[in-house]
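Just one chain follows, in the form predicted on its own, and it is written as structure tokens.
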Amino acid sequence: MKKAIEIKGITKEYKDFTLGEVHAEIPCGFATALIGANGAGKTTLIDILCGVTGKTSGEAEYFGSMTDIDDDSLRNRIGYCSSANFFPMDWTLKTIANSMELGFDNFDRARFAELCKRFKLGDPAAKKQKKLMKLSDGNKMRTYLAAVLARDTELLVLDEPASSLDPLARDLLCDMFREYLSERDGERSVLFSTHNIADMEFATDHAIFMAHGQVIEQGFVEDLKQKYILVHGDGMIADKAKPLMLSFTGNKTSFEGIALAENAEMLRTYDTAIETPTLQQLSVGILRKAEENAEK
């Protein structure tokens, strides 16, 4: 399978945090979610992949052959968007359009205007415009997304794009991911980070789970849903089922958690209910297990 990015042993050492070694693959033609709690290392990894910060060791290979993120031809193929002050706060839609047009040959001003309209941001050509500092966090994020989506790129790398969006805007973002991927028939890819996958599950094909600077699980969502199961049961048999569970929450009357599918037959003997987990349920279970392991 073609890879948009192959991450080979990347590390980054700070005084109070260490990332990696990270080994992961971003498949070409799909949307990959980088999932983890705040502080898991998601933003650090994205910043390294996009050349915002340097790495301590390891490398990333882009589009099968390129490794120098400072290469202008590579940067032109990647659309990067941060959730925090991506543009100066005194800029307007017009200023942003002017800057993007100067900075990137593949920026489409008409497309930017269309996206601004779709995001209900206003007209970039209007005489009176609000500065970014006057916009809500949600509208700032919409502006950043409109700017990056107006470029003709092959890979979108977005850091927490849904964090400040309302549910309707998140749904629209999912639609835009699908549109972006379908326009090039498998030649475009998306990587986005999130600490809450609930509203972005529809847009996620592949997932990479991170905790404490490490990749703890990864794979296509449909494959992960076959690897793990969601288990419900009566509180009376919780003690019997718990050793077979990866994550577990319960009380005297009932329990729920994630287990490996290979344990399904044994769990059924305890009269449990077994279901296919949602990506949100899978995320909670996998990340909770990582936290429990870290506390031991």
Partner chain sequence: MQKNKTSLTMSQAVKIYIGSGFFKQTLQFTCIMTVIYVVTIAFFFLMICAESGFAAARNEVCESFMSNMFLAIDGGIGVALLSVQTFEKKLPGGKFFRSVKGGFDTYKKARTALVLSVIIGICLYIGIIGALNAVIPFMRYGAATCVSVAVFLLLGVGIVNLISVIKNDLARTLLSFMQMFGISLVGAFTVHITKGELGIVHITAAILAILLIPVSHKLMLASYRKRRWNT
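Positions refer to the first chain, counted from 1. Not measured: the values here are computed from a predicted model.
Below, we refer to the form predicted together with the partner chain, which is not included among the displayed structures.
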Practice task
Classify Ser254 as contacting or not contacting the partner chain in the predicted complex by the rule of any non-hydrogen atom within 4.5 angstroms, answering yes or no.
Solution key: no
Exercise for the section: Would you check, heavy atoms only and a 4.5 Å threshold, whether Phe86 touches the partner chain in the predicted complex? Expected result: yes
Exercise for the section: Using the partner position in the predicted complex, report whether Gly250 sits within 4.5 Å of the partner chain, counting heavy atoms only. Expected result: no
Exercise for the section: Evaluate Asn263 for contact with the partner chain in the predicted complex, applying a 4.5 angstroms cut-off between non-hydrogen atoms, and reply yes or no. Expected result: no
Fill in the blank from the handout: Answer among 120-128, 191-199, 99-107, 135-143 for heavy atoms within 4.5 Å of the partner chain in the predicted complex: the stretch 99-107
Exercise for the section: Quick one: name the residues from 239-270 with any non-hydrogen atom within 4.5 angstroms of the partner chain in the predicted complex. Expected result: none
